[in-house]
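First, one chain by itself in structure tokens, the form predicted on its own.
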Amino acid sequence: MSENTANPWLEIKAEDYEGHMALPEVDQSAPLGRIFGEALIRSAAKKIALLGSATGNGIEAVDFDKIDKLYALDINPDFLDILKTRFSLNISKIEAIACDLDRDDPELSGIDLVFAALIFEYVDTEAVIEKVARWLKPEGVLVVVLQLPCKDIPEISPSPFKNLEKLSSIMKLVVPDDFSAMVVARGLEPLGRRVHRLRSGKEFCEMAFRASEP
């Protein structure tokens, strides 16, 4: 995508995105929220960076009494406005950052958990991995969810919300083994992976990595 081309994510309305993700034939909101909740429990994180936070799916699983800060990063500022309203009771512990991860480099550090679900399909994978590796504290954890190819299902699931079809112009699936190699090359240790099969027939690969000790 050229410097002068608007990212299609900026043209997606929040109600279309949420409606699409919640459709039974798409079935992505609940599984992704559950995976995030499980990552929170395993990591016991105090500082969390949620990449591609959108309108906040999964944040309801955060126990704000037990964390110091949640950084919510998304390219679409309208999504973040809804997130801040939706979780206004805990806004003192939320920092919403509107940014393009390909072009911007938020000043984050000491992060215990970076969670990135269906994000690396839309960004420069290596460049964003490099940023994430810098943000993590020693022994901090990266949890990523990648969409796996499915022979009979389009990468962008068909739905009444036609606006989302624009995303097909920038979406590219990431091979889990290739992704793991890039992360390991930046000093992170693989912790494991598992595949989640959705009701739609799509499959997601969840992978976890830990930053090196000092």
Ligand SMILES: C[S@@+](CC[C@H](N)C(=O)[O-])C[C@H]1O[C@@H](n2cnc3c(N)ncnc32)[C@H](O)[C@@H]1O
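One rule holds for the numbers: they count along the sequence shown, beginning at 1. Everything numeric here is computed off the predicted structure, so don't read it as measured data.
This protein has a second form, the form predicted together with the named molecule, left out of what is shown; the following refers to that one.
Trainee: Here the chain is shown alone; which of 143, 129, 101, 111 has a heavy atom within 4.5 Å of the named molecule in the predicted complex?
Mentor: For this set of options, the contacting one is 101.
Trainee: Residue-level contact is defined here as any heavy atom of the residue lying within 4.5 Å of the named molecule in the predicted complex; does residue 117 satisfy this criterion?
Mentor: It does: once the named molecule is placed as it appears in the predicted complex, residue 117 has a heavy atom within 4.5 Å of it.
Trainee: With a 4.5 Å heavy atom cut-off, would you call residue 32 a contact of the named molecule in the predicted complex?
Mentor: Yes.
Trainee: Classify residue 76 as contacting or not contacting the named molecule in the predicted complex by the rule of any non-hydrogen atom within 4.5 angstroms, answering yes or no.
Mentor: Judged by the heavy-atom cut-off of 4.5 Å, residue 76 is in contact with the named molecule in the predicted complex.
Trainee: Is residue 71 one of the residues lying within 4.5 Å of the named molecule in the predicted complex, judged by heavy atom distances?
Mentor: No.
Trainee: Using the arrangement in the predicted complex, list in sequence order the residues of 9-41 with any heavy atom within 4.5 angstroms of the named molecule.
Mentor: In sequence order, 9, 17, 21, 32 come within 4.5 Å of the partner.
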